[in-house]
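Shown below, as C-alpha cells, is a lone chain in the form predicted alone; questions about how it binds or moves come after it.
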C-alpha cells in the first residue's frame, strides 16, 4: 500500500509540475523547439530547474544500499552511447518536435485534451512494442 501511495503522490507532483510549467502544452513546447522562428526559451528554465532536484536525488541514491519501498533499484545498465540509443534519441526528438508531446505530457494530455494526446500515446505504445519485438 505504501508503494501505491508513493506512486500516486509522485505522479500527482509530476503531473502538477508539467501542467504548471507549460510542458503539457504542445504549442508551448513546439515554440521552445523552434529556435529559428518565434523561439520561446522559458521551458529551458523548467528543464534546468528539474536538474537540481534530480542531481540531489542521484547523489542520495548512490549512498543508499536499496530503495525505501523496494528490494532493489530498477536502473538501466550504464552503457556508452551506441547506435540503438542514438537512433532512439533521434526518433524521440522528431516525435517530440512534431507532436509537441513527450511521454509524460502525452499521458497527462489524455485527461486534458484526449483528441490530441491519443495519437501520441498510441505512437508511443507502438514504438515500445516494436522495441520489445526487435530487441529480443
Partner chain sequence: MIAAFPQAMPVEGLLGGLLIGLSAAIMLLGNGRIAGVSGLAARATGLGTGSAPRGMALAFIIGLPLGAAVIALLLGGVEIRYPASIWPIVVGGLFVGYGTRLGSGCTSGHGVCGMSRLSLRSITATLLFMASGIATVALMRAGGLL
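Fair warning: this is a prediction, and the values are worked out from it, not measured in the lab. Whichever C-alpha set is largest while still superposing within 1.5 Å between the two forms counts as the rigid core. Numbering follows the first chain given and starts at 1.
The discussion below concerns the form predicted in complex with the partner chain, not included here.
Undergrad: Closest heavy atom of residue 65 to the partner chain in the predicted complex, within 4.5 Å or not?
TA: Residue 65 lies outside the contact set for the partner chain.
Undergrad: Within 1-33, which residues come within 4.5 Å of the partner chain in the predicted complex, counting heavy atoms only?
TA: Those in contact are 3, 4, 6, 7, 8, 10, 11, 12, 13, 14, 15, 16, 17, 18, 19, 20, 21, 22, 24, 25, 26, 27, 28, 30, 32, 33.
Undergrad: With both forms fit on the core, is the shift of the CA atom of residue 24 between this form and the one not shown 2 Å or larger?
TA: No, residue 24 moves less than 2 Å.
Undergrad: Is there a C-alpha shift of 2 Å or more at residue 128 between this form and the one not shown once the rigid core is superposed?
TA: The answer is yes; the displacement is at least 2 Å.
Undergrad: After a core superposition, would you say residue 11 shifts its C-alpha by at least 2 Å between this form and the one not shown?
TA: No; that C-alpha moves by less than 2 Å between this form and the one not shown.
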